[in-house]
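Quick setup: one chain, the form predicted alone, written in C-alpha coordinates, and binding and motion questions come after.
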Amino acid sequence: MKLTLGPVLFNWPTPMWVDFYARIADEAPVDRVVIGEVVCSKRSPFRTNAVVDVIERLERAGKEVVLAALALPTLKREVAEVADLVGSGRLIEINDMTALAAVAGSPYIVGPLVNVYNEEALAELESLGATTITLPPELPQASIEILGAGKSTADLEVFAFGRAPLAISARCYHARAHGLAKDGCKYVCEHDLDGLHVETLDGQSFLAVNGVQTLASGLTVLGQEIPELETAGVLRLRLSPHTCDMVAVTNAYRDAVDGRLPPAELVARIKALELPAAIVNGYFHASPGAAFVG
(Lines give C-alpha, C1' and ligand atoms only; values in the text may rest on other atoms or scores of the structure.)
Protein backbone atom coordinates (compact mmCIF):
# COMPACT_ATOMS: atom_id res chain seq x y z
CA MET A 1 0.00 0.00 0.00
CA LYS A 2 1.35 3.43 -1.02
CA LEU A 3 0.98 6.80 0.67
CA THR A 4 -0.14 10.00 -1.04
CA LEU A 5 0.20 13.43 0.52
CA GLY A 6 -2.73 15.46 -0.74
CA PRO A 7 -2.52 19.18 -1.57
CA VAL A 8 -2.49 21.82 1.14
CA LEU A 9 -6.13 22.90 1.16
CA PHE A 10 -5.65 25.93 3.42
CA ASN A 11 -4.29 29.42 2.81
CA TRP A 12 -0.89 29.07 4.44
CA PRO A 13 1.60 31.96 4.16
CA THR A 14 4.05 31.23 1.35
CA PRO A 15 7.14 30.88 3.61
CA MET A 16 5.27 28.37 5.77
CA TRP A 17 4.06 26.54 2.63
CA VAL A 18 7.60 26.32 1.22
CA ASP A 19 9.09 25.16 4.54
CA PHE A 20 6.39 22.52 4.85
CA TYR A 21 7.26 20.95 1.50
CA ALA A 22 10.98 21.19 2.19
CA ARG A 23 10.47 19.06 5.28
CA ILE A 24 8.20 16.67 3.39
CA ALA A 25 10.89 16.26 0.73
CA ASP A 26 13.61 15.55 3.28
CA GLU A 27 11.79 13.55 5.95
CA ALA A 28 8.36 12.22 4.96
CA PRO A 29 8.16 8.60 3.67
CA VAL A 30 5.40 9.24 1.13
CA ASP A 31 5.36 7.97 -2.43
CA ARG A 32 3.37 10.73 -4.08
CA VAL A 33 2.83 14.43 -3.34
CA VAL A 34 -0.09 16.34 -4.85
CA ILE A 35 0.65 20.04 -5.06
CA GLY A 36 -1.41 22.99 -6.23
CA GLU A 37 -4.36 25.20 -5.39
CA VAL A 38 -7.64 23.32 -5.21
CA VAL A 39 -9.91 25.68 -3.29
CA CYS A 40 -9.50 29.30 -4.44
CA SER A 41 -7.61 30.62 -7.47
CA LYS A 42 -7.08 33.98 -5.73
CA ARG A 43 -4.45 32.30 -3.56
CA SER A 44 -2.31 30.99 -6.44
CA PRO A 45 -0.36 34.17 -7.34
CA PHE A 46 1.27 34.27 -3.91
CA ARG A 47 3.05 30.96 -4.64
CA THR A 48 3.84 31.35 -8.32
CA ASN A 49 7.54 32.10 -7.73
CA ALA A 50 7.92 29.26 -5.23
CA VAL A 51 6.16 26.38 -6.99
CA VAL A 52 8.95 25.41 -9.39
CA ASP A 53 11.60 25.17 -6.67
CA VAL A 54 9.27 23.20 -4.41
CA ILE A 55 8.48 20.70 -7.16
CA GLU A 56 12.15 20.25 -8.05
CA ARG A 57 13.06 19.63 -4.41
CA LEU A 58 10.32 17.04 -4.00
CA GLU A 59 11.37 15.24 -7.17
CA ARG A 60 15.04 15.24 -6.18
CA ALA A 61 13.95 13.52 -2.98
CA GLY A 62 12.33 10.74 -5.01
CA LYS A 63 8.71 11.82 -4.61
CA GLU A 64 6.30 11.59 -7.51
CA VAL A 65 4.75 15.03 -7.95
CA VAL A 66 1.18 15.42 -9.19
CA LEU A 67 -0.33 18.82 -10.05
CA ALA A 68 -3.80 19.51 -8.62
CA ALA A 69 -6.43 21.36 -10.61
CA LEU A 70 -8.96 23.77 -9.15
CA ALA A 71 -12.14 22.21 -7.78
CA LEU A 72 -14.65 24.77 -9.07
CA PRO A 73 -13.34 26.73 -12.06
CA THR A 74 -15.90 29.37 -13.02
CA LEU A 75 -13.91 32.12 -14.73
CA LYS A 76 -12.33 31.81 -18.19
CA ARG A 77 -8.97 32.43 -16.55
CA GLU A 78 -9.50 29.51 -14.16
CA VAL A 79 -10.58 27.16 -16.95
CA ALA A 80 -7.47 28.15 -18.93
CA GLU A 81 -5.24 27.49 -15.91
CA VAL A 82 -6.56 23.93 -15.67
CA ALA A 83 -5.80 23.39 -19.36
CA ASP A 84 -2.30 24.83 -18.93
CA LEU A 85 -1.46 22.20 -16.32
CA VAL A 86 -1.71 19.46 -18.94
CA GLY A 87 1.33 20.84 -20.76
CA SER A 88 3.55 20.40 -17.71
CA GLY A 89 4.40 16.78 -18.49
CA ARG A 90 3.26 15.64 -15.04
CA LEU A 91 0.17 13.80 -13.89
CA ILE A 92 -2.81 16.04 -13.24
CA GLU A 93 -5.34 15.53 -10.46
CA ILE A 94 -8.80 16.68 -11.41
CA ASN A 95 -11.23 17.81 -8.73
CA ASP A 96 -14.07 18.83 -11.02
CA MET A 97 -15.64 17.00 -13.97
CA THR A 98 -15.15 20.01 -16.24
CA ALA A 99 -11.41 19.29 -16.20
CA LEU A 100 -11.98 16.05 -18.14
CA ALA A 101 -11.95 18.00 -21.39
CA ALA A 102 -8.42 19.20 -20.66
CA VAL A 103 -6.97 15.80 -19.67
CA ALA A 104 -8.75 13.73 -22.35
CA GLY A 105 -6.37 11.24 -23.89
CA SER A 106 -3.78 11.55 -21.12
CA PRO A 107 -3.35 9.63 -17.85
CA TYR A 108 -4.77 11.56 -14.91
CA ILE A 109 -5.79 11.20 -11.27
CA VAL A 110 -9.22 11.77 -9.75
CA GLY A 111 -9.32 13.70 -6.46
CA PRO A 112 -11.73 13.13 -3.56
CA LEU A 113 -14.04 16.00 -4.55
CA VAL A 114 -15.27 14.11 -7.63
CA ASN A 115 -18.25 11.93 -6.73
CA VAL A 116 -17.43 8.31 -7.52
CA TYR A 117 -20.21 6.39 -5.81
CA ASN A 118 -20.72 3.35 -8.05
CA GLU A 119 -19.10 0.93 -10.45
CA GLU A 120 -20.40 2.73 -13.54
CA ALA A 121 -18.77 6.03 -12.57
CA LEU A 122 -15.54 4.23 -11.73
CA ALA A 123 -15.48 2.39 -15.06
CA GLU A 124 -16.25 5.56 -17.03
CA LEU A 125 -13.38 7.49 -15.45
CA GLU A 126 -11.02 4.57 -16.03
CA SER A 127 -12.04 4.41 -19.69
CA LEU A 128 -11.11 8.08 -19.99
CA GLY A 129 -7.60 7.51 -18.65
CA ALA A 130 -7.78 7.68 -14.84
CA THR A 131 -4.86 5.82 -13.26
CA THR A 132 -5.75 6.57 -9.61
CA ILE A 133 -9.19 7.35 -8.23
CA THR A 134 -9.50 8.82 -4.75
CA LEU A 135 -12.87 7.80 -3.41
CA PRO A 136 -15.11 10.38 -1.69
CA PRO A 137 -14.34 10.44 2.05
CA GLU A 138 -17.96 9.78 3.05
CA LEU A 139 -18.10 6.29 1.50
CA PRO A 140 -18.66 3.44 4.00
CA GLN A 141 -16.70 0.20 4.05
CA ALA A 142 -19.41 -1.71 2.17
CA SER A 143 -19.27 0.69 -0.79
CA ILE A 144 -15.47 0.63 -0.86
CA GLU A 145 -15.54 -3.17 -0.95
CA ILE A 146 -17.99 -3.17 -3.87
CA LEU A 147 -15.83 -0.75 -5.86
CA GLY A 148 -12.69 -2.69 -4.99
CA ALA A 149 -14.23 -5.98 -6.10
CA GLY A 150 -14.68 -4.81 -9.68
CA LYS A 151 -12.19 -5.23 -12.50
CA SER A 152 -10.58 -1.90 -11.81
CA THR A 153 -7.53 -0.86 -13.83
CA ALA A 154 -6.98 2.25 -11.71
CA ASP A 155 -5.53 2.31 -8.21
CA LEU A 156 -8.17 2.97 -5.59
CA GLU A 157 -7.17 5.53 -2.98
CA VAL A 158 -8.96 6.26 0.30
CA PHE A 159 -8.87 9.46 2.34
CA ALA A 160 -7.21 8.28 5.57
CA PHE A 161 -6.10 11.40 7.45
CA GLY A 162 -7.34 14.96 7.80
CA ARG A 163 -10.49 17.01 7.81
CA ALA A 164 -12.61 15.42 5.10
CA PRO A 165 -13.31 17.77 2.17
CA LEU A 166 -17.08 17.77 1.72
CA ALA A 167 -18.12 20.54 -0.66
CA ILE A 168 -17.11 23.60 -2.68
CA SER A 169 -19.37 26.61 -3.13
CA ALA A 170 -19.33 29.74 -5.27
CA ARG A 171 -19.80 31.72 -2.03
CA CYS A 172 -16.94 32.48 0.35
CA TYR A 173 -18.06 31.64 3.86
CA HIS A 174 -14.84 32.94 5.35
CA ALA A 175 -15.35 36.40 3.86
CA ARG A 176 -18.99 36.47 4.89
CA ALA A 177 -18.11 35.53 8.47
CA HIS A 178 -15.96 38.67 8.61
CA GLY A 179 -18.59 40.89 7.00
CA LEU A 180 -16.72 41.01 3.67
CA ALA A 181 -17.65 40.29 0.06
CA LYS A 182 -15.92 37.50 -1.84
CA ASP A 183 -14.22 39.93 -4.23
CA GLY A 184 -12.92 41.97 -1.28
CA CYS A 185 -12.17 39.13 1.10
CA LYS A 186 -8.80 40.51 2.25
CA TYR A 187 -7.68 36.85 2.32
CA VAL A 188 -9.06 36.40 5.83
CA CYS A 189 -8.86 32.63 5.40
CA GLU A 190 -5.13 32.92 6.15
CA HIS A 191 -6.02 33.43 9.83
CA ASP A 192 -7.37 29.89 10.16
CA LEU A 193 -4.56 27.57 9.13
CA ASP A 194 -6.62 24.41 9.63
CA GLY A 195 -9.98 25.91 8.73
CA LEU A 196 -12.50 27.99 10.67
CA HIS A 197 -14.28 25.87 13.26
CA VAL A 198 -18.08 26.04 13.09
CA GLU A 199 -20.41 25.12 15.94
CA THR A 200 -24.17 24.68 16.16
CA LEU A 201 -26.25 27.13 18.21
CA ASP A 202 -25.95 24.80 21.20
CA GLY A 203 -22.16 24.67 20.98
CA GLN A 204 -21.59 21.31 19.27
CA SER A 205 -18.81 20.88 16.72
CA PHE A 206 -20.36 20.85 13.28
CA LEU A 207 -18.16 21.74 10.31
CA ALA A 208 -15.04 23.66 9.33
CA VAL A 209 -14.89 26.43 6.73
CA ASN A 210 -11.95 27.08 4.42
CA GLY A 211 -12.80 29.97 2.10
CA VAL A 212 -15.38 28.55 -0.33
CA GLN A 213 -14.83 25.03 0.99
CA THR A 214 -16.74 23.09 3.61
CA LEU A 215 -14.89 20.39 5.54
CA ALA A 216 -15.75 18.01 8.33
CA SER A 217 -15.12 19.32 11.82
CA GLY A 218 -13.37 16.17 13.02
CA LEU A 219 -10.06 14.79 11.83
CA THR A 220 -10.51 11.54 9.93
CA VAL A 221 -8.02 8.89 11.03
CA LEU A 222 -8.31 5.48 9.41
CA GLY A 223 -5.74 3.34 11.19
CA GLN A 224 -7.36 0.27 12.66
CA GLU A 225 -9.21 -0.06 9.33
CA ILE A 226 -6.05 -0.60 7.23
CA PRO A 227 -6.37 -4.42 7.08
CA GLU A 228 -9.96 -4.10 5.82
CA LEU A 229 -8.89 -1.52 3.25
CA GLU A 230 -6.14 -3.80 1.96
CA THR A 231 -8.59 -6.70 1.72
CA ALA A 232 -11.00 -4.45 -0.21
CA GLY A 233 -8.33 -3.79 -2.85
CA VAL A 234 -7.35 -0.27 -1.82
CA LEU A 235 -3.79 0.39 -2.97
CA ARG A 236 -3.22 3.93 -1.72
CA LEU A 237 -3.99 6.02 1.36
CA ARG A 238 -4.32 9.80 1.18
CA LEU A 239 -3.06 12.00 4.01
CA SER A 240 -4.26 15.62 3.95
CA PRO A 241 -1.84 18.28 5.29
CA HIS A 242 -2.57 20.11 8.53
CA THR A 243 -0.46 22.20 10.90
CA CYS A 244 0.29 19.22 13.13
CA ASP A 245 3.54 17.29 12.66
CA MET A 246 2.85 15.76 9.26
CA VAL A 247 6.21 14.00 9.18
CA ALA A 248 5.20 12.14 12.34
CA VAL A 249 1.83 11.37 10.74
CA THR A 250 3.41 9.99 7.58
CA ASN A 251 5.89 7.93 9.59
CA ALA A 252 3.07 6.41 11.63
CA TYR A 253 1.14 5.42 8.52
CA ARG A 254 4.27 4.10 6.83
CA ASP A 255 5.04 1.92 9.84
CA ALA A 256 1.46 0.65 9.84
CA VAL A 257 1.23 -0.23 6.16
CA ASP A 258 4.71 -1.81 6.22
CA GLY A 259 3.81 -4.00 9.21
CA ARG A 260 6.06 -2.38 11.81
CA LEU A 261 3.16 -0.89 13.76
CA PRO A 262 -0.08 -2.73 14.53
CA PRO A 263 -2.87 -0.73 12.83
CA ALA A 264 -4.81 -0.59 16.09
CA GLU A 265 -1.90 1.33 17.64
CA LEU A 266 -1.69 3.89 14.85
CA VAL A 267 -4.55 5.92 16.36
CA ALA A 268 -2.75 6.12 19.70
CA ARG A 269 0.37 7.46 18.00
CA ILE A 270 -1.65 10.07 16.12
CA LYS A 271 -3.52 11.09 19.27
CA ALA A 272 -0.18 11.88 20.93
CA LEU A 273 0.33 14.74 18.45
CA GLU A 274 -1.06 18.26 18.75
CA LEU A 275 -4.09 17.92 16.50
CA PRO A 276 -6.44 20.68 15.30
CA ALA A 277 -9.58 18.64 15.99
CA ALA A 278 -10.93 15.45 17.52
CA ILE A 279 -10.35 12.13 15.74
CA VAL A 280 -13.27 10.60 13.83
CA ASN A 281 -13.87 7.63 11.53
CA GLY A 282 -17.65 7.37 11.42
CA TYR A 283 -18.13 7.47 7.64
CA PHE A 284 -16.15 4.26 7.10
CA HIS A 285 -18.30 2.44 9.65
CA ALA A 286 -21.61 3.69 8.18
CA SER A 287 -22.08 5.89 11.24
CA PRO A 288 -22.36 9.68 11.56
CA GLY A 289 -19.15 11.22 10.23
CA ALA A 290 -18.45 12.95 13.55
CA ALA A 291 -18.35 9.62 15.41
CA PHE A 292 -15.31 7.59 16.38
CA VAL A 293 -15.83 3.82 16.28
CA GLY A 294 -13.19 2.05 18.35
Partner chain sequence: MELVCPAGTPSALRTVVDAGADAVYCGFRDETNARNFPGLNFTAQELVQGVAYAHDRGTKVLVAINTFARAGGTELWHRAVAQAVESGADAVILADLGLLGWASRAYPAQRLHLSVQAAASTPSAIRFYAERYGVKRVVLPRVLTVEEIAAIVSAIPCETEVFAFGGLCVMTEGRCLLSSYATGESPNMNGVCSPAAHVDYRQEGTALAARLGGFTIDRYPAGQPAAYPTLCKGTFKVDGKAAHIFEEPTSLNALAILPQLKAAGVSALKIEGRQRGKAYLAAVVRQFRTALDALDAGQAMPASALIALTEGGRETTGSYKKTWR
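No experiment lies behind these values; they were computed from the predicted model shown. Numbering follows the first chain given and starts at 1.
Just so you know, the form predicted in complex with the partner chain exists too; it's not on screen, but the next bit is about it.
- Mapping the unseen interface onto this chain, residue 117 counts among the residues with a heavy atom inside 4.5 Å of the partner chain in the model of the complex.
- For the chain shown alone, residue 290 is a contact residue for the partner chain in the model of the complex, at least one non-hydrogen atom being within 4.5 angstroms.
- Contact between residue 198 and the partner chain in the model of the complex is found at the 4.5 Å heavy atom cutoff.
- In the model of the complex, the partner chain lies farther than 4.5 Å from every heavy atom of residue 106.
- Interface residue among 92, 154, 188, 147 relative to the partner chain in the model of the complex, by the heavy atom within 4.5 Å criterion: 147.
- Relative to the partner chain in the model of the complex, residues 121, 171 and 207 are all within 4.5 Å by at least one heavy atom.
- Shown here without the partner chain, the chain has 206, 207, 209, 214, 216, 217, 218 in 206 to 236 lying with a heavy atom within 4.5 Å of that partner in the model of the complex.
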